[in-house]
Ligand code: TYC
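First, one chain by itself: the form predicted alone, in structure tokens.
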Amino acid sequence: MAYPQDDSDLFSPLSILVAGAEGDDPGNGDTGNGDGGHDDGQVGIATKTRAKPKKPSQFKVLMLNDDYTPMEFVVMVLKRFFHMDLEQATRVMLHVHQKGVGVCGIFPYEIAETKVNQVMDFARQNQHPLQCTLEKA
């Protein structure tokens, strides 16, 4: 079997080295490459095509209004856990206050679930009944 001159092809995880070697073909010495049996020492690389991964499902993190959690605390939560600036956090807080529910962000499931748990734990630690949940976007 013919081997490549350098080691770069040996360690490529997505390629398979294909090399014609003398004596591989029990027939007339033709390696089956269509050039009449002339082995020019070139190594061909066969690659596998990968299926494109599907994007993960997205989930909305929703904050629910209550009559007890201070508006300043909600703004602080939005800034801290959803990385909003003061203006954006105030806008979302007012939307939650007026409409009863508001979207804090849209994330893959694991991230959305983590953010919901972080907000709920933080609210509990600070003795606020703030509720946060998620739903499929």
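Only a predicted model underlies this, so the values are computations on that prediction, with no experimental measurement involved. One-based numbering along the sequence shown.
Here the subject shifts to the form predicted together with L-tyrosinamide (TYC), a form of this protein not shown in this document.
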Please state whether every one of the three residues 63, 71 and 97 places a non-hydrogen atom within 4.5 angstroms of L-tyrosinamide (TYC) in the predicted complex.
-> yes
Classify residue 84 as contacting or not contacting L-tyrosinamide (TYC) in the predicted complex by the rule of any non-hydrogen atom within 4.5 angstroms, answering yes or no.
-> no
Touches L-tyrosinamide (TYC) in the predicted complex: residue 130 (any heavy atom, 4.5 Å) | yes
